[in-house]
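A single chain, nothing else alongside it, follows as structure tokens in the form predicted on its own.
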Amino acid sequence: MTAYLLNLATLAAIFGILAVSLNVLVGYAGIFSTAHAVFFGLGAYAGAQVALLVTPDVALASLAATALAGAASLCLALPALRVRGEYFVAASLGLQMLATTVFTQAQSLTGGIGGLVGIPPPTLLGLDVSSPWAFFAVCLAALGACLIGIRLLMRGSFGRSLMALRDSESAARAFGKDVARLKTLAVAVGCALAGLAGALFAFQEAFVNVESFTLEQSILLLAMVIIGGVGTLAGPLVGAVLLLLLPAGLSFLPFIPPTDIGAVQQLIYGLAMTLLMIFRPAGLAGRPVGQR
């Protein structure tokens, strides 16, 4: 039971990084992306390849994953510069579908449908961090660093400019803000952090394949941010923990057959998001509009 809970806590830390990284786009910059799992996947494959071919050092693998995902973020930044609103959602949906196909077909890089297996246990600067407690500490430290970094960024001029862009792009441009640069930087920061989460996920699972980086995963990440509270530091963490605990909690209910857990989970996601949009659009951790 301890091992199960520790595995769940480690996944919560990894998905916490993913959710706060998506919040940079959705919550602070107002860019609604349905392709965040693409950059999660790029980071996971990059981290896995570094571990398999070069070294299982989690710092080096995470660095490579972060750099690759940040560089590839241009694929998302380009449509973000040209279109907005529902047109950008459609463009990111297309990128997600394209990437899923590439992940499936590029067998030499991703292992195809079978994925990459046998990822070696992680080390950190020569130290063995393969035990569950040690790797949980590594993931928790990475999450803490991400939260501190995002808090510092959002309290500075960059964060204030992003939020101005989110509230009114036309007004931000009229006040002299470089909208193109702000959007590109926001996408790069969010996607790079998603790559970091991907590398940690590859070491945690010791196996990666395309099923973890599909449109369903992107929607789940979006749900974590919206249910928790967009534009807040704690909201995405609350959403990530709740939505990760949900399937685990459902599995303990004897009157739900194991084969129906996925369907019940989707119903609860949909119902929760609908009710939140009606009664608390700011999310569980967000402040109601009247209290801002």
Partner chain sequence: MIRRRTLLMGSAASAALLLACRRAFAEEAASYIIGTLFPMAGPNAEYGAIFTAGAQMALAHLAEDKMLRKPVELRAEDSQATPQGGATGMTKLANVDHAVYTLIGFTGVSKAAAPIGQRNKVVMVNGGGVGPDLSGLAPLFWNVIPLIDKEIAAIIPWLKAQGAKRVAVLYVDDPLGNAALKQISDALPANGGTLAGSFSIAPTAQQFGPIAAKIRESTPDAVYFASYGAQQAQIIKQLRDNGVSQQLVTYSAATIPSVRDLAEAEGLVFTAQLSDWTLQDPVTQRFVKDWREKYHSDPTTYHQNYYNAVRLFGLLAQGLEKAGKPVDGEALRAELLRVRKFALVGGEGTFDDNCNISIPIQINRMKGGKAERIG
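Take the two forms, find the largest set of C-alpha atoms that superpose within 1.5 Å, and that set is the rigid core. Positions refer to the first chain, counted from 1. Please read all numbers here as calculations on a predicted model, not as lab measurements.
What comes next is about the form predicted in complex with the partner chain, which does not appear here.
Though the partner chain is absent from this view, in the predicted bound form it lies within 4.5 Å of a heavy atom of just one residue from Gly94, Gly149, Gly156, Gly114, which is Gly114. Between 203 to 211, 156 to 164, 138 to 146, 180 to 188, the stretch whose residues reach within 4.5 angstroms of the partner chain in the predicted bound form through a non-hydrogen atom is 203 to 211. Shown here without its partner, the chain carries Ala3, Gln107 and Ala285, all of which come within 4.5 Å of the partner chain in the predicted bound form through at least one heavy atom. When the partner chain is considered in the predicted bound form, Gln217 lines it closely, a heavy atom lying within 4.5 Å. At the 4.5 Å threshold, heavy atoms of Leu244 reach the partner chain in the predicted bound form.
In the predicted bound form, the partner chain lies within 4.5 Å of some heavy atom of Leu11. Heavy atoms of Ala64 never reach within 4.5 Å of the partner chain in the predicted bound form, leaving it off the interface.
With the core held fixed, the Cα of Leu267 is displaced between this form and the one not shown by 2 Å or more. Relative to the superposed core, Leu11 undergoes a Cα shift smaller than 2 Å between this form and the one not shown.
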